[in-house]
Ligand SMILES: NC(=O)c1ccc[n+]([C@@H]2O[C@H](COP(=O)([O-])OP(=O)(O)OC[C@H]3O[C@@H](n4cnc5c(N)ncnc54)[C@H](O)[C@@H]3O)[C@@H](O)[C@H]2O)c1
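What follows is one chain in structure tokens, specifically the form predicted alone.
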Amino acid sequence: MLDYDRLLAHKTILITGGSQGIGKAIAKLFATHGATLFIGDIATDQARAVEKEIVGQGGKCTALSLNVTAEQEWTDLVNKVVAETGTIDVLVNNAGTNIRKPLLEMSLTEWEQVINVNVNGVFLGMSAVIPRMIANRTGNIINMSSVAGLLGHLKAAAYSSSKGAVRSLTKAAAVQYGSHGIRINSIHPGMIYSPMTAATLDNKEQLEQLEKTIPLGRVGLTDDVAQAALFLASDASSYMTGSEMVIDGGQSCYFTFNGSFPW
């Protein structure tokens, strides 16, 4: 069994969108293995509640306000974290949003909202931390994409496009900065039960239909994704960069032959 306590205990990790869902699960799991955590989130009250929960259980966590689409906020946050800890070992670009509309039903404003958070937020995050990582000759970035970035999504053109961009951006950056000792990988969750998907998954009929398309027979949990992030954040994945980890119970394999996602 991997000794994640040893692998993570001395790492400073910044997680965006850590106030709920997958980001919260990642923060809580990392905390149990001794990492020093910073949560950057626009939902500051919720982020502080996560901080309080983690600290109350003996973990190390600080919640900070961050709008991932604001370049100056990234600069200020990274400066603050580095001033306090001396480094950022791992960045988890998890913050994301979705507007579920087909292409021709979206306004330009709605399109830009999704792209700004899901793509520009990742770009700005990497731009803020990579110079620090270059100086340290080491670093690790995990970008949250989606299986919707690998396959077409029937009802969310902007989301699918944005997550495909995150996949490609991850690979480009991995090639560009691997020689500096920086690893950059992406995670591609399928249907995971979280606040973003609750409206769909709380519908018993829709849930049953979805489970029929998943070879493992169930929708995912946020901890399923957190476990993948834990592996990527640790030195156990030291020979991985530019890779994509698909966490979807096999659903994307099914839809490779059976069409687009129904949800």
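Remember, predicted model here, so these are calculated numbers, not experimental data. In this text, residue numbers run from 1 along the sequence as written.
The following text describes the form predicted in complex with this ligand, which does not appear among the structures shown.
Q: Could you tell me which stretch in 124-132, 167-175, 138-146, 84-92 has residues with non-hydrogen atoms within 4.5 Å of this ligand in the predicted complex?
A: Checking each option against the 4.5 Å cut-off leaves 138-146.
Q: With this ligand left out of view, choose which of Ile214, Leu29, Leu232, Ile42 has a non-hydrogen atom within 4.5 angstroms of it in the predicted complex.
A: The residue from Ile214, Leu29, Leu232, Ile42 that makes the contact is Ile42.
Q: Among Ile182, Ile192, Leu150, Ile115, which has at least one heavy atom within 4.5 Å of this ligand in the predicted complex?
A: Contact residue from the list: Ile192.
Q: Wondering, does Ser19 line up within 4.5 Å of this ligand in the predicted complex on heavy atoms?
A: The answer is yes: Ser19 has a heavy atom within 4.5 Å of this ligand.
Q: I'd like to know if Tyr159 sits close to this ligand in the predicted complex, meaning any non-hydrogen atom pair within 4.5 angstroms.
A: Within the cut-off, so yes.
Q: Verify the contact flag for Ala63: yes if a non-hydrogen atom of it lies within 4.5 Å of a non-hydrogen atom of this ligand in the predicted complex, no if not.
A: No.
Q: Heavy atom to heavy atom, is Met196 within 4.5 Å of this ligand in the predicted complex?
A: The answer is yes: Met196 has a heavy atom within 4.5 Å of this ligand.
Q: Can you tell me which bits of 52-72 touch this ligand in the predicted complex, meaning any heavy atom within 4.5 Å?
A: Counting only heavy atoms within 4.5 Å of this ligand in the predicted complex, the contacting residues of 52-72 are Leu66, Asn67, Val68, Thr69.
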